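Shown below, as structure tokens, is a lone chain in the form predicted alone; questions about how it binds or moves come after it.
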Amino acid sequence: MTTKTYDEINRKIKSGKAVILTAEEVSEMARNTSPEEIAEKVDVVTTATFGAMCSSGAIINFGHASPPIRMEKIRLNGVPAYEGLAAVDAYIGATACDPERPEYGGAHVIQELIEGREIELEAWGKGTDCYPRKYIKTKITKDSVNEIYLFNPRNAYQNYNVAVNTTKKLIHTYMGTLLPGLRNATYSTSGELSPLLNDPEMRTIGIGTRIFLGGTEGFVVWPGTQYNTSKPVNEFGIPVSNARTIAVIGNLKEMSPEFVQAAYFDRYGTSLFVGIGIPIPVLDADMARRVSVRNDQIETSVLDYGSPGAPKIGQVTYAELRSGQIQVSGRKVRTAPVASLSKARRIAELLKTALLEGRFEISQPVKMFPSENSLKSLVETDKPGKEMQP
């Protein structure tokens, strides 16, 4: 039985002898090739996704002014940034928005910084003996600040649900606009290309895994928020709804706007489309079987976003979703992705090329993720407060 180590695979990469395939290529190969044969022939499989990932943002150190200021309120192009880190550090979240322009948010600031544009920084402080300045207004770029890195607490969901609407009312969600009466269905992830669907038990993905992030090298730094191993799985070991996630980090100064793009969902808010690619080493026949998963073997849940609690009303495969229509409650419903398969394919190919040329190598995690973890729910302990004021 063939088994390989990370070091063996990296030596083959450096010598130009490694066999690298994308997840789509190995899935097609598996139709006529056994897992044992794939493990013998293939060294690394590249996976990728490009979709809206709301739990994303950037940490920035602006540098000190003269005289210095302890920034206690910060706006970047009018968008509020979190200032409770230190005197001139901030975190700009993708979904933060300018109250005067709700369609413009932190995601747009991040994209414009990557593009090299100037961003207006405005900050206020109370003034202290060591930070006497109380106000500053200036321009920054990604090159003028000390550090700026993308730090995303929850990315690359392992599967995600399909969104539909059974009510008579048009609704607006982070899965896009859902027409009344089951007239459309939206879905995310790149199916058989999706990173965490190709390693469902996270055998090779953990803290320290080197990845493609936004056009440059990045790393997995922790289990993502809402990391959930308790979801039911189908006969192929794939969770049938949103399960595991990863937290990732990378140098924003080196990223490309092709793979980090701002978005606005009508009447919902802003989000950030992030491109992630993960190389998965084919260590043995079990990993070969995992990375060979096909769209017709990946199932996900259909949820009714129009009803309280978004109840499950069906289960479909990605092959059905990709066909353009699914059957829900006895009706044919047209489908549309809110993630880009073409961008995911491009990322998988770019990562494949980088590995073949020896410009990228795989890294063994320094710590694996929890094998068991379930989610907790928020419990209300008091009467509802006032609604948020516009």
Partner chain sequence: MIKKRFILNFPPDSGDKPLSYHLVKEYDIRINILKAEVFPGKRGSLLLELQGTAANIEKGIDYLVRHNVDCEPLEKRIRFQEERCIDCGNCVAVCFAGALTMGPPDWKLQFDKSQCVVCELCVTACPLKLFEINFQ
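Positions refer to the first chain, counted from 1. None of these values were measured; they are calculated from a predicted model.
One more form of this protein exists, namely the form predicted in complex with its partner chain; it is left out here, but the text below deals with it.
- Against its partner chain in the predicted bound form, the set S56, F212 and L252 makes no contact: no member has a heavy atom within 4.5 Å.
- Exactly one of the stretches 278 to 286, 237 to 245, 258 to 266, 220 to 228 approaches its partner chain in the predicted bound form with heavy atoms within 4.5 Å, and it is 258 to 266.
- Residue R183 is the only one of R183, R101, K139, K73 with a heavy atom lying within 4.5 Å of its partner chain in the predicted bound form.
- Between the options Q315, T216, T177, N77, the residue in contact with its partner chain in the predicted bound form by a heavy atom within 4.5 angstroms is T177.
- A residue is said to contact a partner when one of its heavy atoms sits within 4.5 Å of a partner heavy atom; S342 meets this definition for its partner chain in the predicted bound form.
- Among residues of the shown chain, A336 is one whose heavy atoms approach its partner chain to within 4.5 Å in the predicted bound form.
- Although the partner is absent from this view, Y160 stays clear of its partner chain in the predicted bound form, with no non-hydrogen atom inside 4.5 angstroms.
- Although the partner is absent here, L170 sits close enough that one of its heavy atoms falls within 4.5 Å of its partner chain in the predicted bound form.
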